[in-house]
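The form predicted on its own is given below as one chain in structure tokens.
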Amino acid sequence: MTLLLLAKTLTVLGVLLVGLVPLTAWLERRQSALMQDRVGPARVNVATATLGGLLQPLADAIARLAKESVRPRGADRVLHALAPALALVPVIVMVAVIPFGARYTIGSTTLSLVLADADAGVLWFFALSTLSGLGFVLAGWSSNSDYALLGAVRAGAQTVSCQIAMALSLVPMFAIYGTLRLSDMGLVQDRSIGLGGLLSNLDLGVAAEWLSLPAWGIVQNPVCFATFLLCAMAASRQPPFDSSSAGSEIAGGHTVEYSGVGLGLFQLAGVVQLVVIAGIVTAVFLGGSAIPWLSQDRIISAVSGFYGEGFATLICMGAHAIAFLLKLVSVIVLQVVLRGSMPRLRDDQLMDWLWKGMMPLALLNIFATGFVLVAVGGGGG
């Protein structure tokens, strides 16, 4: 079990740091360039081929490592050095609760594509997200700079506001699924739901099942999907919710006194947060690793007749992992499009939007969802 956990950890970290993070950094710059009618990254070549700028994230990483890290006079030596790691490490640890697949049984062995299948995986995400925000606050406070301190104050207020609204936005999904475990949420969504009573009055035979909808969270409660995605993006302190580091107002905010590796770690934390948010959204609202209209049992039973149940389970595992990654990349692209489409909010506008907009909407959605669940006798998966 120790070797299996080590192999899973190295695989997840490899997929994250070698695959998803560079791809996300490239997507962010490339998509923004397309939306703004610019060329985008196209300077890093292999011989005469630019490869569409795919090597630009590698060049950026090398540039950060090569630059000098300067600590301003009067800054707190320990906290100034610790803050970038405190911002990055919790975000990477969040990946442990993201289920890249379901649970699979091969003989007497049960496998799951999640590092830490915690009973309250969503709460793990909230706790680590708050801890990561503390790194941004410490960065500004320890820099002995007015701009950095102002950015830290904004980051602290934004973190508290976003966490409350984000947590409230997910409460209806807890009631619908009856669990806080992300892997169990994926299992609940690995089915289809009929289109009300319409199909029961039509003699469609087998076609009736294919005309049903996948039981994804976005289908059952689209308001939850919209509120959580926007609040999570705001919690990541990325555009258009980057008032704590607005270059035009406070010259970079909490990171104004960072350079070299320290600044690179903060930037890496921002990219990893995009991936983590996409993973949580995929697990809670997009069926996780489930393939629409093809449940795990159906896939295994269809393939096992040709290759045996064990090999069919492995094929199902691979198909689920690919499906999860495709959904995850789609949510990343959606975030990048939203970031490039919306103007930056002022700090007061952001607070008003969170406290007077998102929070009342989330509370109203909780009452509405509870009323519907009581009326239809649903909930709990």
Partner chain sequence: MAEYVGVLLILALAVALTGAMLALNLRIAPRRDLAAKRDPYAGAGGVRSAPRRRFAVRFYVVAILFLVFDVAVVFLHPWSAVLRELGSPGLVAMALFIAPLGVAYVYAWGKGALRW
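Numbering follows the first chain given and starts at 1. Since this is a predicted model, take the numbers as computed values, not measurements.
Omitted from view is the form predicted in complex with the partner chain, to which the following refers.
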property	result
Partner contact for Arg103 in the predicted bound form: the partner chain, 4.5 angstroms, heavy atom	no
4.5 angstroms heavy atom contact with the partner chain in the predicted bound form for Gly107	no
Exercise: Asp184 in contact with the partner chain in the predicted bound form, heavy atom 4.5 Å	no
Close approach of Val78 to the partner chain in the predicted bound form, 4.5 Å, heavy atom	no
Contact residue in the predicted bound form, from Leu115, Val219, Val223, Ile299 (heavy atom within 4.5 Å of the partner chain)	Leu115
Heavy atom within 4.5 Å of the partner chain in the predicted bound form - the one residue of Leu134, Val303, Leu88, Ile291 that qualifies	Leu88
Partner-proximal stretch of 303-311, 275-283, 92-100, 227-235 relative to the partner chain in the predicted bound form, 4.5 angstroms, heavy atom	92-100
Check all three, Phe241, Ala323 and Asn365, heavy atom within 4.5 Å of the partner chain in the predicted bound form	no
Partner contacts for 129-151, taking the partner chain in the predicted bound form and a 4.5 Å heavy atom cut-off	Trp141, Ser142, Asn144, Ser145, Asp146, Tyr147, Leu149
